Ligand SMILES: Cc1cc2nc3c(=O)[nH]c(=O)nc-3n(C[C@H](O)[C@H](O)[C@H](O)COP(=O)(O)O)c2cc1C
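In the form predicted on its own, a lone chain appears below as C-alpha cells.
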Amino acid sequence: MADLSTTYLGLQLTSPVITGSSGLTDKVEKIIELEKNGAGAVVLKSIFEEEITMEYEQMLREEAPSRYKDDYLDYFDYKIKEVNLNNYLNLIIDAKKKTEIPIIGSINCNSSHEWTFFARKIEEAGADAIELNVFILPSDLTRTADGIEKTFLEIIQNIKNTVNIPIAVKMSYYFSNLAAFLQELSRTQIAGLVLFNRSYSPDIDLDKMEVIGTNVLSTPKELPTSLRWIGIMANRVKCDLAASTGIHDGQAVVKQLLAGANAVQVVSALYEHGVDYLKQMLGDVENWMDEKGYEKIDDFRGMLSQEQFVNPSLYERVQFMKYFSDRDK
C-alpha cells in the first residue's frame, strides 16, 4: 500500500491533505473528526484583525459614554482582544491534548501592528506553526507596489523576530512580479508559502440594488491558477509550497504534488461533501500511486514541475493558440 506521509514546514504529516483555515477547524470536536478521516494537519480558523477592529468600532458607535470616553474605550479595546485571543489559545491547547496531527495557528493580517503579541501567545499555547494569511488588494491608488511588498516583509520580519515555530505565508496572486516576490519572501527564511488565499468576491443584486458576496466556495475550475504557480516555483524558492483553492478530489491532489507541492489545503470540497470525503480523496491518491508503482510521495513529487518538465513553456503560456486554431478547421 502507498505511503501518503510527507513533511511540510518541517512537520511530519500522515497525509499531504491539510484542512485549511475555516469554520471546519474552529472547534476541537471538528478537528478530532478531521484527524479520524485522514487530515494530515489543520490550520485553525484565523484570528481576523478586521473582525477585532469591527467589534471595537461597533462598541465605539453604540456603547461608549461621552464621559470618561477615552478610558472606557481603552478598556474595551483590551477586553475585546483578550476574549478573542483567549478563546483561540484555549482551542490550540485543547486540540493539542486531544489530537496528534500538527495544529497550525492562523493570523489574518492587514498590518503589522500588535500581531507579534498574538503570534507569541499562539506559540506559547503549543501551536506547531503559524500561517500568516495576508491579503492586500491593490486598490488603494495612493499605495505603490513597493509599499505593499514592504508591508509583507515587515509583517514577516516582526513575527520571525518574535517566535521560533515555523511560519508560512498564505497570499494572493495580485502582484506585478509574482515569481520574483515569492523568491524574495522565501529568502526571509519562512518555512512555507501557500498559493493562494481566496478573497471576498462582490456581486450585485439587481432587484435589491445592493452589493453582495458571491462565490464563497471554490470550484474545480480554479485549480489551474495555483497549479501554474506551484509548477513554476517548485525548487525555485527556499521553502515548502502548499497549494490551495480549487482542489476538490484526489486527482487534483495528485496534480499539485506532481507540480511540486509539499502539501495541499482543502476546504470547499469538505463543505460540499462532508469531512468523511477526505477518505475518498486520499483513497484516490493511494490507488493512483499503486497503479503507477509509486511507494511514497517523494517518488513523484515535482516530476511535472516547470523545472523538470520536457516542455516548461506550457506553464508560462498565456494565450490560446493551437486549441482554437484546431477548432476552427
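All figures in this text were calculated on a predicted structure; none of them were measured in a lab. Numbers for residues come from their place in the sequence shown, where the first is 1.
The form predicted in complex with this ligand exists for this protein as well; it is not shown, and the discussion that follows is about that form.
> Where does this ligand sit in the model of the complex: which of 264-272, 298-306, 29-37, 284-292, heavy atoms within 4.5 Å?
Replying inline: Of the stretches listed, the one contacting the partner is 264-272.
>> Residue-level question: is Leu137 within 4.5 Å of this ligand in the model of the complex, judged on heavy atoms?
In response: Taking the distances in the model of the complex, the answer for Leu137 is no, it never comes within 4.5 Å of this ligand.
>> With a cut-off of 4.5 Å between heavy atoms, is Asn197 one of the residues that contacts this ligand in the model of the complex?
In response: Within the cut-off, so yes.
>> Is Ser186 part of the interface with this ligand in the model of the complex - any heavy atom within 4.5 Å?
In response: So Ser186 does not count as contacting this ligand.
> Would Ile212 show up as a contact with this ligand in the model of the complex if we use heavy atoms at 4.5 Å?
Replying inline: Ile212 lies outside the contact set for this ligand.
>> Counting any non-hydrogen atom inside 4.5 Å, which residue from Ala180, Ala145, Leu217, Ile204 sits next to this ligand in the model of the complex?
In response: Of the listed residues, the single hit is Leu217.
> Of 273-288, which residues get within 4.5 Å of this ligand in the model of the complex if you count heavy atoms?
Replying inline: The stretch does not touch the partner at all.
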